[in-house]
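Given next, in structure tokens, is a single chain: the form predicted on its own.
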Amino acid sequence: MAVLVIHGGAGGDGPWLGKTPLDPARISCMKQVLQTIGAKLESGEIDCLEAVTMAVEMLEDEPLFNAGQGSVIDEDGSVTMDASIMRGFDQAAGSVVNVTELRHPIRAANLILKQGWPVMLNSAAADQFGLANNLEQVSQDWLKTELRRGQWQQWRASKDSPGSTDEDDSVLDHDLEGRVKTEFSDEGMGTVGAVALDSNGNVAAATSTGGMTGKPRGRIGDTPIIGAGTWADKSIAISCTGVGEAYIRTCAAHRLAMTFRSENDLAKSAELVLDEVAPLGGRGGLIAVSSSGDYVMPFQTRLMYRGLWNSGSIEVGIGPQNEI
């Protein structure tokens, strides 16, 4: 048995408004990730740790998700990225915070995990670690896309809260102005993640993000924090997406693992955790897979980009009831 679940972020209030013109490219990317990585996982060519790393690398390379190239732009006009990864059977973990020069932050986190100590590296030290280990260096200009520049300019002009423009594809199409704009400030929209179960019964989780448009210098969300945005142990692997501060305050990913241990019902446990996050202004979603092959992709927002490989079968969804 092999299971791979991925997400591309959750966000938005109100009813789903249907696909934007940019969504087909996001859907295509998710399908490619699931087909490519799922097949390798199913065949035993790669294990769960490499599967989630490679899946997130592919998502980091899609400019329409908020990770790697296409990350959102900070208050000061720069791009800073976070990522973390965790392996279930020994709870080994790696994390990078506020990197600015790496094409694939998740691979740096993977290398930290394999090195064994420390668990987390920050800013220039994280970049230097990645470059010293032959990871690809990229420029800030390469990381920034036309969409993200437009969202940043719109955010500056509106003087709104950080993240308020993260979901607005309409900056590239004025005919859509107002159609997908929302006042929901969400650092998770476009954040990417993956969880996997391999044929040996082991699980792993990985998450990567550019944060939120206009975030202040030095801000850290839940994505790089083990137990908040990412968790894996012998029984379960979890990747979260939503307003990071609420996921930090509830230790959401670890909370799900502990709730699942007592409830032994993955779907119920996931909803209980999201219900705890929501009152703190953190409505969002998560993906999880258990060592027995159960999986969930719940969200309490307008939409969540998500996809599943389950022993050769592929599913993708954006809105409720797997609507695309």
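Given the structure is predicted, the values throughout are model-derived calculations rather than measurements. Numbers follow the displayed sequence, beginning with 1.
Just so you know, the form predicted in complex with a small molecule exists too; it's not on screen, but the next bit is about it.
G211 is the sole member of G214, G211, G88, G130 with a non-hydrogen atom within 4.5 Å of the small molecule in the predicted bound form.
Residue contact with the small molecule in the predicted bound form: T241 places a heavy atom within 4.5 Å of it. Mapping the unseen interface onto this chain, R219 counts among the residues with a heavy atom inside 4.5 Å of the small molecule in the predicted bound form. Taking non-hydrogen atoms only, S84 never approaches the small molecule to within 4.5 angstroms in the predicted bound form. Using a 4.5 Å cutoff between non-hydrogen atoms, T223 counts as a contact of the small molecule in the predicted bound form. Exactly one of the stretches 203 to 211, 103 to 111, 249 to 257, 231 to 239 approaches the small molecule in the predicted bound form with heavy atoms within 4.5 Å, and it is 203 to 211.
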